[in-house]
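The chain below stands alone and is given as structure tokens, in the form predicted alone.
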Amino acid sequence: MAELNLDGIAARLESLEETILHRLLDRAQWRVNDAAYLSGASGFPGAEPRSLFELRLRSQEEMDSKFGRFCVPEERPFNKNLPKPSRTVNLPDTGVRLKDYDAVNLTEPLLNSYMLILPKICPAGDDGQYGSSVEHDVYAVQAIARRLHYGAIYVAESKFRQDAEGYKKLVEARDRDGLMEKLTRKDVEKKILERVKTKVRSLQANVNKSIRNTVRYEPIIVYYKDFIIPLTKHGEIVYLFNRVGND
């Protein structure tokens, strides 16, 4: 099936990569705005002790859940106890072999890493534009989450089918190091980093710097190298440990 062809998966991941870069560059048009991430400082009277960002993300996911977004394997929510879908969602067989899609949920470490990259891509300080800041934060973290989970789930399933017996032995032995070595493709990772560098440069090549902030490519490369790529592989291992049909 098309969803499990590694070339097709790679093309889809590259498309998601472009969305992430656009989202990060758009968020960088506002300052860091630390106040938007302070618990209990959302500005909503009587609101629970969450930050403005947390409330904005929760509100977005409540709407998304009603529309059925989280019925899709790679769309994993950041929040729990969301409303059930208000519409019937019928999906074709994607080839994913999980009883519970949330068995592979990478949102918590994603949020932690996102808060670390913000001050590296956004101008320092406070411009008071908290609403715009958290709106673009939500767009960014959802795009990153989609890419992480798509890569973790579909790449793992595709590779498993190429060598089912080899992966089964490593899973049965709970050999994380062996799985990591088998899943890793250094040549592919190098190409991803080179491509991200080129795209960050090209996306900003002709911007009017008097009205738009530009971002150095280095922190985004580091973000991919130290977070997105390794966490995707961690998600692949989690997928394989939870895959239905390993026994």
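From 1 onward, residues are counted along the sequence shown. Computed from a prediction, not measured in an experiment: that's the story for all the values here.
Only in words, not in the display: the form predicted in complex with a further copy of the same chain, which the text now covers.
Across the proposed site, T184, Y239 and F241 without exception lack any heavy atom within 4.5 Å of a further copy of the same chain in the predicted complex. The closest heavy atom approach of Q60 to a further copy of the same chain in the predicted complex falls within 4.5 Å. Although the partner is absent from this view, E135 contacts a further copy of the same chain in the predicted complex, with a non-hydrogen atom inside 4.5 angstroms. Interface membership of R23, defined by any non-hydrogen atom within 4.5 Å of a further copy of the same chain in the predicted complex, is confirmed. Contact between K191 and a further copy of the same chain in the predicted complex is not found at the 4.5 Å heavy atom cutoff. Looking at 96-104, 158-166, 80-88, 173-181, the stretch with residues near a further copy of the same chain in the predicted complex, meaning non-hydrogen atoms within 4.5 angstroms, turns out to be 80-88.
Scanning 199-228 for heavy atoms within 4.5 Å of a further copy of the same chain in the predicted complex gives K199, S202, L203, N206, V207, N208, I211, R212 in sequence order.
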